[in-house]
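One chain comes next, on its own, written out as structure tokens in the form predicted on its own.
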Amino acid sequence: MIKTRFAPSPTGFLHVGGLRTALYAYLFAKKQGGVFALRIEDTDKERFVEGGIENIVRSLAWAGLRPDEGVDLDKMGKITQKGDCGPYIQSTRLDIYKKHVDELIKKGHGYYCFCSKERLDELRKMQELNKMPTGYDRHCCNLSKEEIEKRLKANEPHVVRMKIPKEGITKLNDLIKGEVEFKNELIDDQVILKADGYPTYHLAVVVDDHLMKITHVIRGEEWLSSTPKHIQLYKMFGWKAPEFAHLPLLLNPDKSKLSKRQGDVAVENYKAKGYLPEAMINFVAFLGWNPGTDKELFTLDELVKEFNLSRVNKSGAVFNLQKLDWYNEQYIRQMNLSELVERCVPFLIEARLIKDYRKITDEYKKWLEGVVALERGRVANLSQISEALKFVFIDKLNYDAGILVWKKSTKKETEKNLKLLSEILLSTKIVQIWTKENLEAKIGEWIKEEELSAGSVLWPMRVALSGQENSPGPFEIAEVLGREKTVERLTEAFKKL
């Protein structure tokens, strides 16, 4: 059974790079009928952020990546766990790690280290000064059993290090990078148990992946240099190592590593801005992978069918915000209008343009569909909807009267056309059915009969109804405003001139 995992640290919001790692692990497992697990690696207590676990789970659920096994949230939003390989939160597995550390010490693959921080800092400075590889010098490796027991009995602060064999090489056949070799003499005797009794990432990840029966480890390229330490640990325990696949870095447009210092990197931020999960998943999937065809729009199920690690690039992938906008625009335009309204409502409520959606009638929902349709082809994300549609909801528009005059017209002609237009639209005999199609037909006939310039009528009409130089068409706006409000705004525009 193929089994992958996503194992983030709750040190803040879920990073888009983390979302990509989770997505690829999910796609790889699902394509082969396998299991996707979520484990939380929270052994770094100094960087732990309250609410980080909940945010990670919610962000994954928003993107459609629900774990088959591991950490989840119940209906009340409380942390829960499912599966028979738990617990899935590392801070609750300390006894398990201690047992395995003791095993390594007993086998001679691990040793106690009592070196102070000051000594280690001095050692590193000396190595750097002499242009030597930095790493621990095994000062405590050959302490006698009596000395170790004496120091432990005196409660001397200490860590446990793994004892790396210093001869030969460690090989890795990475599913993305290919064959990679590491000289053992350059691999540091990594700390595996810290002074506070917590394991380091390196020990915990190996123990957990083995006990949780993970067959494929898919993670970021930044962990490639740590992999020989992990392979050595598998050998020390006598376990079979999983397959490894290290994903290329995510880069800024300037080819620097994508980081918090250079813009939004949290999935939560994109969700708050109104990016659709379908668009985000589609965009993230293409950050380092391509299907080998010209097709760009994929559902999650389609990605499961098409995904293959062999088509993941070795080089870094540029995070192009314009491309994400393009994906989002496509999904906004293709989405069923009633569903799009449901997605827009939280943003309209936040902007105080509408009230609690639970009290909205079906008739009002239908009207909202027409309102949202005005801007669905003109926005890149849903947070822009509120600002773009504000003119529909406010009582009085505030704009410069000068923009009412079309470039080929005059103020006098504009006044005349606005007055006539108000009279025509007010007459239920001339415009009986208030739809954009009927409005366009009736006003078009009138313009033709009076031999008027379309621009001299429709430009001021559109500006009067929207208060903007750039807006949807006048007939679309008039339909959602209704007869009374349309005439009211045309009259107000006349007064402005």
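Worth saying up front: this structure is predicted, and the values here are computed from it rather than measured. Note that residue numbering follows the sequence shown and begins at 1.
Missing here is the form predicted in complex with a small molecule; even so, the following discussion is about that form.
**Q** In the predicted bound form, which of the listed residues (93, 219, 229, 161) lies with a heavy atom within 4.5 Å of the small molecule?
**A** Result of the distance check: 219.
**Q** Considering 347, 319, 201, 97, which brings a non-hydrogen atom within 4.5 Å of the small molecule in the predicted bound form?
**A** Answer to the contact question: 201.
**Q** Just one of 282 to 290, 388 to 396, 164 to 172, 219 to 227 has heavy atoms within 4.5 Å of the small molecule in the predicted bound form; which?
**A** The contacting stretch is 219 to 227.
**Q** Report whether the minimum heavy atom distance between residue 490 and the small molecule in the predicted bound form is within 4.5 Å.
**A** Heavy-atom contact with the small molecule at 4.5 Å: absent for residue 490.
**Q** Looking in the predicted bound form, any heavy atom of residue 192 within 4.5 Å of the small molecule?
**A** Output for residue 192 is no: heavy atoms all beyond 4.5 Å of the small molecule.
**Q** Flag residue 69 as yes or no: does it have a non-hydrogen atom within 4.5 angstroms of any non-hydrogen atom of the small molecule in the predicted bound form?
**A** Answer no; every heavy atom of residue 69 is more than 4.5 Å from the small molecule in the predicted bound form.
**Q** Consider residue 205 of the chain shown here, and say whether it contacts the small molecule in the predicted bound form, taking contact as heavy atoms within 4.5 Å.
**A** Yes, contact at 4.5 Å.
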